[in-house]
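Next comes just one chain, in structure tokens: the form predicted alone.
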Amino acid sequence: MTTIAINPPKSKWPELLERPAFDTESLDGVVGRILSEVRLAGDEAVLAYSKQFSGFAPQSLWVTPEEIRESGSLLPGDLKQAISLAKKNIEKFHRAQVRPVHKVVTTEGVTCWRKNLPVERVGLYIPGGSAPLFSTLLMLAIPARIAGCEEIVVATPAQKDGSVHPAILYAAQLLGVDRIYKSGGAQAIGALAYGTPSLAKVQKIFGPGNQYVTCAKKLVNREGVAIDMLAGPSELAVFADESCIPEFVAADLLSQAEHGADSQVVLVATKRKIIDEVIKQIHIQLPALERKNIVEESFLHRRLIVLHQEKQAFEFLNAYAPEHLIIASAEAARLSGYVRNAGSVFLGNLSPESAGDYASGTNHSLPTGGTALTYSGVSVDSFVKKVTFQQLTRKGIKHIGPAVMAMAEAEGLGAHRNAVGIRLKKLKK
């Protein structure tokens, strides 16, 4: 869709809000068979599927300590410095999410509190095909470490020579992660979910992937294996007014579109001339991009919309609930007050979405496909269970006991009533 919608009536919004449609249900049978084989044959099935889908299989499914130690020597110094900078910023942002336990006296003698307890064993899926996403390892392993997860297992596909990309291994070394399983695709999700002779099953699976990985996460989740989210194609929405810099807006749209042919970008502007200027800049920048063909395919799904009223523009953007939202305006701080639904928001002309993907500190594992209406991105909270505690003293049970007994009796739960009554009777002696 390349036409520009000018002040579309709300009756037309549902069409403009549509994401690219893909038949994911047809994958269920294929992915289900892969998962069944991995459940039955474990590592052997993982190796067999690696050979079938990639044309090769690593000699060993586990990265050795030597491979991890040597990874730093295979990377340029500036990249190692960049990874270290990103690590520092991501850690700083995520550590601030940890809150001390706060005890609340709800009534005299009754104290309640909530405590975060880590998920003990987590699996992190890190794509490693055409784009080895070492940044995703930072985004997932750092909050897992901060949360206190006892065991972190990484699953990532090997390269044709059987090795894992050195940037992934270097990031793992910095984070103290040494359990790295050389597998990708649905078979890797199966190994994490069910376990194999060499890999104990995990309790929660994190990480993005292609449609097979997403389908596998969906299917194991139906069986009771916890997952972070079902990450779909990446997406970016941009609000732009006359104070935007069209060159920057064009660069942001192009950067998001290069993720994949199924990615979607949306531009909502307050004037038609803004879109015209952005399109002009896109034509200037696009020819120099290495992933030009992918961008052009992605742009088939783009949305270009003019809404003259900023309030209405944000009403549309909130209905879209984008994974990423850039407010390209000198008034971004004020306009951010309109935001109700988004995975991550970037304020002003100097805040590219790329910053959040890598090194600003926020997490780039975010809800897609409109799920930002109700879901949040990955955080330290994603790696913990919030367990409540309560303690009653003699005064406490006397204060609330009669109310509990009356409520239990009204609901016909005599044993509940008795559990309180027997204590009150004992305290009278």
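Numbers follow the displayed sequence, beginning with 1. The model shown is predicted, which means the values in this text are computed figures rather than measured ones.
This protein has a second form, the form predicted in complex with a further copy of the same chain, left out of what is shown; the following refers to that one.
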With the partner left out of view, is G162 within 4.5 angstroms of a further copy of the same chain in the predicted complex by any non-hydrogen atom? no
Since only the chain is shown here, I'm wondering whether L169 would be in contact with a further copy of the same chain in the predicted complex (any heavy atom pair within 4.5 Å). no
Please check if F56 has a heavy atom lying within 4.5 Å of any heavy atom of a further copy of the same chain in the predicted complex. no
So in the predicted complex, does K280 come within 4.5 Å of a further copy of the same chain, heavy atom to heavy atom? no
Given a further copy of the same chain in the predicted complex, answer whether the residues R19, L35 and A200 all have a heavy atom inside 4.5 Å of it. no
Interface segment, criterion being heavy atoms within 4.5 Å of a further copy of the same chain in the predicted complex, picked from 266 to 274, 296 to 304, 222 to 230, 186 to 194: 222 to 230
Within 4.5 Å, heavy atoms only, which of D178, E310, E151, E247 is in contact with a further copy of the same chain in the predicted complex? E247
Exactly one of F239, F134, Y320, Y125 has a non-hydrogen atom within 4.5 Å of a further copy of the same chain in the predicted complex; which residue is it? F134
Checked 398 to 414 against a further copy of the same chain in the predicted complex; residues with a heavy atom within 4.5 Å, sequence order, are H399, I400, A403, V404, A406, M407, A408, A410, E411, G412, L413, G414
